[in-house]
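Only one chain is given next, in structure tokens, and it is the form predicted alone.
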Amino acid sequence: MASMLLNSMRTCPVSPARAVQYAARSLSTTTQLQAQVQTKSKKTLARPSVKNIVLVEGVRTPFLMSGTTYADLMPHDLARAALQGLLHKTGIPKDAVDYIIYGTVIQEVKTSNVAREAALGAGFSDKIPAHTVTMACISSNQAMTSAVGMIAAGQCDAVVAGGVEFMSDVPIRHSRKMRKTMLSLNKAKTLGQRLGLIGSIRLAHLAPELPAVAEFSTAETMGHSADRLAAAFGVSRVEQDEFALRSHTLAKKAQDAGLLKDVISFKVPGRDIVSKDNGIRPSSMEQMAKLKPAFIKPHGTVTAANSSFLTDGASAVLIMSEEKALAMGYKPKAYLRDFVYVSQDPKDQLLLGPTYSTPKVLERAGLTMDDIDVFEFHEAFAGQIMANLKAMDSDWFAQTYMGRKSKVGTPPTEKFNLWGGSLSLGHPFGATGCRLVTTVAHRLQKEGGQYGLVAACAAGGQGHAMVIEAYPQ
């Protein structure tokens, strides 16, 4: 597939210069767009006899680079902080929530159901059930849509969904042979049996098994896959660095302007109060160009500067039926409308989730790209974003791989990830989905738009997209 893509994308009407223009143009239009509030008069996506489900509030801890201020905590500490922040911001009684769902990817074995442990720690009633889901980088997306499903089915009226990831301390296992020996030692009944097992241990048995962000089915790291995808779509190193610089620059502007209102302050035990993300670092094209390839050496184009970084953080959102929210005196931020999940080849199309999910969710909602006012796509790698944009703008790709008659088209620059993205804000695997949805709701309020679209890729060749409608102001 890679060679077919490379040859075909070189002849498709997407020029390499487009991405550079895409990045540069957005920097000059962002401030103007954010200051301009427009009144929209599009149709609503409300449907007769279908329950309206709303986002009441969304919060997150500051997203920090792993190994920094959060380094001595545990995952449930961050999740608890997010839940307490949500309680404080909404004032909802701790027994008024019907259910709690959290997403996470790399689980801490001591708190495998981190949703329950965090809820108890945050002071929620012990009568509230809680469970944890995992779906790679769209784990909190799955938590939110599970909440939507429970409310739509009439089982609940108020659900808290969220996600957490803690990369400062990941499980590192003994080797398989060492684990077998240790388990056998635990069962040994005589001193002779124990000595025999201890004597069977070899130096090689002591080598640990380190976790890796790699596909089990292909044994390929995600960064390596991103590098191949960028090459297949003819995405240059310059294009990737331009987009990464755009992400950091816009994130810095949003942070300085106080637009990241979902971020709550968190007093880290024994350390300082943390109140903002620490991975936002605008650089220059000259500095970024000095970095060496991180995965495919020496000729790859994916570097540390144009990739998302390992991040610690947690998020939480309050989702309710509109009727319940209004009855409790809340003014919702947005309606959560149609959503889809997709999956495709995990080898050559691992990170193309947005390309496949965007047209599907638009069709479900009866909308077109022109109807969408706000786009928020997860930025795993700059090359992944640019490859998706080129795929979405290609009739050939739509016809050859997606069975569609024509391309869906690309999001306009002036509507796309205007407050930064995962490249700059950080990407705690299990928590990013809630950030995306809350950001769309806040941007719709700020910019006066009506419809927003969230899209994300995930390990396993999966993806997600959701349409969000602004709540009338």
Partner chain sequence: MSDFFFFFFYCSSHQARTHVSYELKDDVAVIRLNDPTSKVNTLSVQMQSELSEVMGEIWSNGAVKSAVLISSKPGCFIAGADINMIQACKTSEEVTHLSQEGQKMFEKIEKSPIPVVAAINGSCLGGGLEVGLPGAFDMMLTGRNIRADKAKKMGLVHQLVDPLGPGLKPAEERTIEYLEEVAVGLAKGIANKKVALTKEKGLMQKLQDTVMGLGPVKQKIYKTVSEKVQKQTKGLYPAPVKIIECIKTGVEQGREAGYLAEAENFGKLAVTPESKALIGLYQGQVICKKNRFGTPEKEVKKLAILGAGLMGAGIAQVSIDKGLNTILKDTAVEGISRGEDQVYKGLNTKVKKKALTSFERDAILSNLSAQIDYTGFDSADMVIEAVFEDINIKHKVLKEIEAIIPPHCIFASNTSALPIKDIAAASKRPEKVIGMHYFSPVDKMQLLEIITTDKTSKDTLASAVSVGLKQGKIIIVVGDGPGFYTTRCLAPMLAEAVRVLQEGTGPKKLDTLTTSFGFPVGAATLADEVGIDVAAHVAEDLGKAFGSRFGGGNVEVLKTMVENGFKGRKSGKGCFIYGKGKKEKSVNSDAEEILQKYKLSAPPSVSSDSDIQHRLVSRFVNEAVLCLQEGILTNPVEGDIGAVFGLGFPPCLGGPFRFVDSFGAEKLVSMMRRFEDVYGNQFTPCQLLLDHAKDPSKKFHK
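Residue numbers count along the first chain shown, from 1. All values derive from a computational prediction rather than experimental measurement.
The form predicted together with its partner chain exists for this protein as well; it is not shown, and the discussion that follows is about that form.
A residue is said to contact a partner when one of its heavy atoms sits within 4.5 Å of a partner heavy atom; residue 234 meets this definition for its partner chain in the predicted complex.
Within this chain, residue 349 lines the site of its partner chain in the predicted complex, having a heavy atom no more than 4.5 Å away. Contact between residue 299 and its partner chain in the predicted complex is found at the 4.5 Å heavy atom cutoff.
Within 4.5 Å of some heavy atom of its partner chain in the predicted complex lies at least one heavy atom of residue 390. Proximity to its partner chain in the predicted complex, taken as heavy atoms within 4.5 Å, picks out 214-222 from the listed stretches 214-222, 265-273, 73-81, 117-125. Only one of 341, 396, 335, 309 comes within 4.5 Å of its partner chain in the predicted complex through a heavy atom, and that residue is 396.
Contacts of stretch 55-87 with its partner chain in the predicted complex, defined by any heavy atom lying within 4.5 Å, are made by none of its residues.
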